[in-house]
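In structure tokens, the next block holds one chain alone, the form predicted alone.
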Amino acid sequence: MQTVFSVGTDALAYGMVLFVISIGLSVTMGLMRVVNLAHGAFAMIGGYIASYATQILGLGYGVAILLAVVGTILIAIPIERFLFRRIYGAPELTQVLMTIGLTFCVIGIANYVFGPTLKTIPLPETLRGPVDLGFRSIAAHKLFAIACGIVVAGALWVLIDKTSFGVKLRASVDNAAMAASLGVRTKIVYAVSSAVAVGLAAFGGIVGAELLPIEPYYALRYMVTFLVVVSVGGAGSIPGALVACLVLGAIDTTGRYLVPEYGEFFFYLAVIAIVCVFPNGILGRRS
């Protein structure tokens, strides 16, 4: 039972970290129709800023998170303005080539500026030790990751489904010309959506640094993982992305516990099986 509990806890924490990072990509792919393979690069940038803020500047964990999220968004604003706007509505191949090129540029800059070493983000005392649940202890940072995933899922659902901004975003996606003729400032809607996606990527990169370590090739190493989560869950579906992250996180964690020599074999085997059964994703919309 202790092993089952440990596997379940690790799987839930890992799944929630994947969700927080990947949900921004799900939004850009499903709602904005942009295949952004540079999404992981923004999670890496957030991790680097947080590491610098805590290790070099000596700032607290909470301040470092805020600084990293805001800093990553500020870095992303000119990228969205001068690069991404050129590929809205462009063929998927054009989007893939530009965003993967951006990924390699970020990797090169990170290697040059910070070196090829692993970056750590020290946790505060409250998140370092275990939390006693009475029948079992669990690492505090894993509980924190789980809580962050739940909060992000709820906040995004409210933003997209229950607010006027969500209505404008969905209208802009369905028919940008009509939405603009009705007074919707589509460029601003896309810019804000992109900023939210980037901010979530940065936040997830920091929160999940204990499970997905920050290093120069982070963006490339986990690029396929983030893309797979979106495809399995259904692009643009928040519940779908959450279910996909929890299912794949559970399968991957269980496989690594029981047969670690197989690596990510069971993860991708599950992806193949799910895509065969649900070609549009678990909760994706039909084409």
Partner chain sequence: MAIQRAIAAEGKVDAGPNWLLRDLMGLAAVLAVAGIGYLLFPNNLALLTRITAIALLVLSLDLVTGYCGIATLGHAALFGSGAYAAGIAAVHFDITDPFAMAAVGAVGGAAAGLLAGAIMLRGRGLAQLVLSIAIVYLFHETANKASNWTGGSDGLAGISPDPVFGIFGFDLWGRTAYVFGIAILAVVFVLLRLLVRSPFGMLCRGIREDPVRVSAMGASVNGTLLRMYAISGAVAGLGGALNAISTQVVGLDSLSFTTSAEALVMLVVGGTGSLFGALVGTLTFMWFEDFVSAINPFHWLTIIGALLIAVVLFAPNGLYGTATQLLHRVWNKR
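All figures in this text were calculated on a predicted structure; none of them were measured in a lab. Positions refer to the first chain, counted from 1.
There is another form of this protein, the form predicted together with the partner chain, and it is not shown here; the text below is about that form.
- The putative spot formed by 102, 111 and 272 is fully lined by the partner chain in the predicted complex; each residue has a non-hydrogen atom within 4.5 angstroms of it.
- Although the partner is absent here, residue 257 sits far enough away that none of its heavy atoms falls within 4.5 Å of the partner chain in the predicted complex.
- The partner chain is not drawn, but in the predicted complex it has no heavy atom within 4.5 Å of residue 184.
- At the 4.5 Å threshold, heavy atoms of residue 147 stay clear of the partner chain in the predicted complex, well away from it.
- Although the partner is absent here, residue 247 is not a contact residue: none of its heavy atoms lies within 4.5 angstroms of the partner chain in the predicted complex.
- Just one of 174, 161, 92, 132 comes within 4.5 Å of the partner chain in the predicted complex, counting any heavy atom, and that one is 92.
- A heavy atom within 4.5 Å of the partner chain in the predicted complex is found for one listed residue only; from 251, 238, 37, 68, this is 37.
- Note on the interface: of 111-119, 148-156, 69-77, 195-203, the segment with non-hydrogen atoms within 4.5 angstroms of the partner chain in the predicted complex is 111-119.
- Of all the residues from 262-276, those having a non-hydrogen atom no more than 4.5 Å from the partner chain in the predicted complex are 262, 263, 264, 265, 268, 269, 271, 272, 275, 276.
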